[in-house]
Each structure stands twice: as structure tokens, then as C-alpha cells.
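Quick heads-up: it's one chain on its own, the form predicted on its own, in C-alpha cells.
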Amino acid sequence: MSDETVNYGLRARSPDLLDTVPGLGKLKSACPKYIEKAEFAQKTARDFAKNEIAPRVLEIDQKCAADPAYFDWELWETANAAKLNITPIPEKMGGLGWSALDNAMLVEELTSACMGCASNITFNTFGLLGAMVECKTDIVLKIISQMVDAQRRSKPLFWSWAITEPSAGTDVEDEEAMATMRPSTHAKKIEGGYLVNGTKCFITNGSLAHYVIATIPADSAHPKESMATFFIPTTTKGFSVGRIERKCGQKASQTAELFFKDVFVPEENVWEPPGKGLRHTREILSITRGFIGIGGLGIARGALERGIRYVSRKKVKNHRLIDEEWVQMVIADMIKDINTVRCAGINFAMALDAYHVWKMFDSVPVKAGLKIVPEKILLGKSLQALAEKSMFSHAGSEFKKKFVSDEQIETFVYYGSLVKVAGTDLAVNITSRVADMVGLEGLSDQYGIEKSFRDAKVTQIYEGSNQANRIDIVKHALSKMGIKNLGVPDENKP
């Protein structure tokens, strides 16, 4: 039986967005362009994943196992030519102008082929995302200009977000944990900026990055009150890359140690001053956690696709393995769980478009500016120079506050955590069940099922461990119920 006869996953007819989430049909009738573009994004991403990623994933995995520093530049160049690494940037400025829903389609399709390869493409929006959270006009324009220029010249431009430290992982993402954490990084105030020292670890893209967005306290004894966000070019004196990790899964995506030794960060590269760094971190998480959950969904779907192809071909006595009822019941359960999480992920992505930072792209002033101002001026030095003036630089931040409040950020941390936990637990659960279904022979590396199994586990750990995500979920939910001060002794109780 040929692979093409199994009409599921990457080999399904596309776009099939409305087939899997039919309720979107009502939205399509009201907002046809919104859903049609998501369908186009799904088809584009699925074709790329099927034709460019899937045929080479096992070879990449083997090469990275032998050498953690190996990187498939040919695949990156193909993705870059398709602009898949600058999808959120407006079309008028050189990107694809994809919404959060469009990007959800991208993430699910690419991760179903390979989470590591998908990370090399989609995680590279961290630079733009960090800038949009900061939302100072000059910073946003500068980041977009750099990304578009690099894309057009087919020049690598990588970003990394450095949170985790040897003695503080998820602690840096939680207010209560930060109060007792022991940071291994420190930023000392000096004339004109800060001197940064210390170590970050397990940093995605750390060995490839041209720029690092780092959260570092100015007072190690009081990290919660002094956490700041720094924008650091990796060419800065004193910055260096340490070990590139040998990993169980997601080998195509490089993870590394970063060392800071008297790294000078000028004032203009202090994106958030001491005391504001946690808010910056939480706002990024309010977006990225949900997309990690959608990545978990993609891993699960890819594993099931590989499993179905295997049991459709595997002969047991005088029939196929898929003809056995117990296999059909297992597949039914997995399809049910995958589709349930897909609906949650799509709901989260549409909420980002309606209520979070993506809403800015759809606002009247931004749309009018993009329509009226020529691209040459939008990406030109004259507008950049004007934006650097204090009045204009802070205009973007003030404008964004109208869309994204502190309360809204925590609401999206909650909903993002729901999707993150559901999607990544799904990835681990589905890959395990597929492994049980196909047995030892099906776990031979030629089928890619064991790779899906290895790729899944770390999704429960990064972007905040699922335990930490559950803490955010229960705190927010119970607070809405009127139950607060969890864990605080009630001295009025007898």
C-alpha cells in the first residue's frame, strides 16, 4: 500500500480546516478573507512540510545525533525563500501578513513533520515578538527592517530568548518563585548602561543567534523586584557560546549555553528597566505558550499519521493490523483527543487576533499607515530616524496599551497555559499510544514513530514546565471564583 492512499495528516486534501473544525464555516460566511487566508496558510505550510521537511527528517536527526552543531542550511534557505520565518510581518513591509490563526496553521503543519525543523523556522519570530511586546516605534521598525533585509538577501538572522539559568529554570516565569530563586546572572548599573555577567542554559537558537533577548536581575538578592530585559548583539565583547547540548529529541533545533562576562549593554538596549522584566516575560509567554501547545498537537498528529500508515501496511496472519478492532478503538480515541485540542488551539489563536497584540495589525491607524506610506519609506532610514525621537518612540507603547492591559496579559497566560498543557500532554500521550499500537517492529527508526516519541517529551518542560503552567491555570481560575491567597495561613481559623 502506498503512502498516498492514506488520506490523513500531511497527505490529506488541503485545505481541510473547515472539515476538521466545521464551526469555522459560520465565521467564514461573516469574515471570508480571514478564514480563506488561514486556509491558504494551511495549504502552504502543509505542502512545505510534506515536500521539504518530511523527506529529510530522519537524515537530519541522524546527522545531529552525530554532531549537535549540524544545521541543515539548505532547508533553512528554502523556508527563507518562502518567507516562512517572517510570516507575521505585514505584506506591505515585505512579510506575509499572516494572522495568529494563520501562524497556528503553520505551526501544526510543520511540527507534524518535525518539531526541531519547525522550531528553526517559527521560533525565529522571537525578535519580532519581543519588539512588539516592547512596542517602541523605533525598535519595532528596526527589527522588522533587519528581518526583511536579511530575508531578501538570504542572509541568516537568528534570535534567541534567554530565560533559563543553571540554578533557575521556570522560576524566572513566576512571581512567587522569583522571590526565592537564586539567579546565576546579574546586571550591574554603570554609566551609560549595564554590565552583565553570568550564565544562561538550554537556550533555543543560542548557538545560532545574532541577537539575544535576556531577562537578568539588577539585584541578585531581590530578583523579582529587579528583573530587567536586555537586548544583546552576540558580537558584543564578553559574550560567548558554550556547549551545544546533545539531546534526546528535537535534535535539529540547537540548544546551547550562553556566557556573559562583563558584557556592556547600553541604555538604548535596555528594553525593560529593573522591576519591569517579569511583565515583559509574562507578555511573551501569554502568546508563546499557546503556540507550544499547538506544536504538541502537531507532534501528536504526525505520530498518528505514521502509525496509521504502518498498521495499514502491516500484515498479521491473513489481514492487516488496522483490521483488528482494538487498533480501530485506539485510533478512534486518538483522533478524538487530537481534534479536541485542535479546536482549543484555534480558539486561542483567534483570540490573539481579536484581543492581543495581533489586533494592532488590524487597527485603523496601522492599516491606514500601511496603505498610504510607500514600502521604501516604511523600511527607510528617514522614518527610523524620526521614530527614534522620544515623542514618536513611545507612541507605539502608548498605542498598544489600549489593546493589551496587564489584566489581559494574565488572562492570555491562563488560556495559553491551558493549550500548552493540553497540547504537550497530548503529544506525549499520543506518541506513547502509537508506540504501543505498532509494537517493537514499528519502532524501528525507518518509520519515524520513535522520533516523534523522543521529540514530544521536552514540550512538557520548556516554555514553563507543565507543572508551572498548571499553577498559573489554577491561580487564575480560582481567583475568578473569588478564592485567593492560596497557601496563605488563615489566622482567623480556630
Partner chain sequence: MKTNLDEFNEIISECRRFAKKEIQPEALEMDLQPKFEWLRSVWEKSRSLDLPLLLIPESCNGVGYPEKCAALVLDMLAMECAGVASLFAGHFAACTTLNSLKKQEKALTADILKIMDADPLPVFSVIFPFDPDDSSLGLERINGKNILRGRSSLALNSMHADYFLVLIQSSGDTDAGCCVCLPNDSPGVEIEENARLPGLKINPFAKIVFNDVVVDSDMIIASGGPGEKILAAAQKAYFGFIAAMAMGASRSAFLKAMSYAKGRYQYGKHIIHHEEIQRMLGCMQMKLDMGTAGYLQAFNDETVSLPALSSKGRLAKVYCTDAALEIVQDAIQIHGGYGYMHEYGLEKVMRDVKILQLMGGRNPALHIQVIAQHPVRFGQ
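Everything quoted here is computed from the prediction, not taken from an experiment. Residue numbers count along the first chain shown, from 1.
Another form exists, predicted in complex with the partner chain; not displayed. Remarks below refer to it.
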Task: Answer range among 366-374, 138-146, 217-225, 201-209 for contact with the partner chain, defined in the predicted bound form as heavy atoms within 4.5 Å - done: 201-209
Open item on the list: Would all three of 62, 428 and 441 be in contact with the partner chain in the predicted bound form, where contact means some heavy atom lies within 4.5 Å?
Closed with: yes
Open item on the list: Whether residue 36 contacts the partner chain in the predicted bound form should be assessed with a 4.5 Å heavy atom distance threshold; does it?
Closed with: no
Open item on the list: Since only the chain is shown here, I'm wondering whether residue 458 would be in contact with the partner chain in the predicted bound form (any heavy atom pair within 4.5 Å).
Closed with: yes
Task: Touches the partner chain in the predicted bound form: residue 93 (any heavy atom, 4.5 Å) - done: no
Open item on the list: Taking the partner chain as it sits in the predicted bound form, is residue 169 near enough to touch it, meaning that at least one heavy atom pair lies within 4.5 angstroms?
Closed with: yes
- [ ] Select from the listed residues 249, 193, 274, 97 the one whose heavy atoms reach within 4.5 Å of the partner chain in the predicted bound form.
- [x] 249
Task: in the predicted bound form, the residue from 314, 359, 186, 83 that sits within 4.5 Å of the partner chain by heavy atoms - done: 314
TODO: Determine the residues of 452-480 with a heavy atom within 4.5 Å of the partner chain in the predicted bound form and present them in sequence order; the list may be empty.
DONE: 453, 454, 455, 457, 458, 460, 461, 465, 466, 467, 471, 475
